[in-house]
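Next comes just one chain, in structure tokens: the form predicted alone.
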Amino acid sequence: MIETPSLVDQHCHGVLRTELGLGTFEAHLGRGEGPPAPGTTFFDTQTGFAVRRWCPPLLGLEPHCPPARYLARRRELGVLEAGRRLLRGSGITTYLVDTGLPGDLTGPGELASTGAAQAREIVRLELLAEQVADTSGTVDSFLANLAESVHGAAHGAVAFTSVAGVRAGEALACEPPGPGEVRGAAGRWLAGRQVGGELADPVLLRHLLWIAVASGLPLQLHTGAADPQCSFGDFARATAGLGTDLVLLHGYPHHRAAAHLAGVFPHVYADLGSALVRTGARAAAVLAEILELAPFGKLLFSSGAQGLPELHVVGAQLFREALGRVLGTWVAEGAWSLTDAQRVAGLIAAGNARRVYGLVGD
């Protein structure tokens, strides 16, 4: 029996404070754009089935109960009590919370209180830059305030995160831009920007990444649907030896490429959250593929959850089940000792995250 007594969720978001109807709830289970296929809902996915498997017992229902019955029970308990039961039933002891998403989501402190856990903040670079732009009147003040804000955020946060690879894609070069290039890009962006507008300029996105690298905090990189080897291979090479760890998020369906980069570069780590939550009942097979490529000290558990506390539960339970199935099989076959399997499970579940993010005492 492979045990994971505690979990550090190394990348997640807060949960919604509002009650949800069937349509709104199931929309949070979908990862793509647009509605589900006619006659179906997003419960008809591996993630949706996993929610119905693992979450109803925490609310006093039988596994696999119909979605309508589950949501009726959720409303009966109320959003606060349902969230409390779900988060505390996940077994997650520390949340690292990306606070960069819009909406009525709980922050790190509220998530920690509800889940009877620890929580630390991950600062999203693009949101920070957008907030600075809203209060800066000139290019000079914007660039000075941006550097100061990133420096200040580094004192309270456990990591930075960036969606530069998602927003800029192949336009994102790996080397730091020069001062003149940065000033020109800032001037163009500020001149054409409405208050609250998103930062998508590839030069400024790259500038932000390199400010974050200079801070020394771990930097989480959202890979989106892109192959991380193509999107971040050169960036990983350019940042090697600088003392900043890179964590590749949401690599599925290119999880093998992310694991490969984690094996090649000493400062690159791979996140497991998206790969396991998206694949549900097939999570063990996907985890086994990742373990073929990445050193065991370079893999990090996360739920990647946002909006629904159910996704924290599903992320944690699928991880435990997949890890137990894969490592348990290897122990039963004599390929691994139980002692080694237990040690590796502890590394991926919590130990690696504690080391990378400096979570002493969490």
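Please read all numbers here as calculations on a predicted model, not as lab measurements. Note that residue numbering begins at 1 and tracks the sequence as displayed.
Quick note: we don't show the form predicted together with another copy of the chain, though the next part is all about it.
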Here the chain appears without its partner; judged in the predicted bound form, the stretch of 209-217, 145-153, 271-279, 117-125 with heavy atoms within 4.5 Å of another copy of the chain is 271-279
Would you kindly say which of L16, V344, C12, A350 lies with a heavy atom within 4.5 Å of another copy of the chain in the predicted bound form?
V344
Answer key, another copy of the chain contact in the predicted bound form at 4.5 Å (heavy atoms) among G169, P266, G187, G107: the residue is P266
Given that the partner is absent here, does E333 sit within 4.5 Å of another copy of the chain in the predicted bound form, heavy atoms only?
yes
Residue contact check: E198 to another copy of the chain in the predicted bound form, 4.5 Å heavy atom:
no
If we define contact as a non-hydrogen atom of the residue within 4.5 angstroms of the partner, is A82 a contact of another copy of the chain in the predicted bound form?
no
Is L293 near another copy of the chain? Define near as a heavy atom within 4.5 Å, in the predicted bound form.
yes
Within 236-260, which residues come within 4.5 Å of another copy of the chain in the predicted bound form, counting heavy atoms only?
R237, Y252, P253, H254, H255, R256, H260
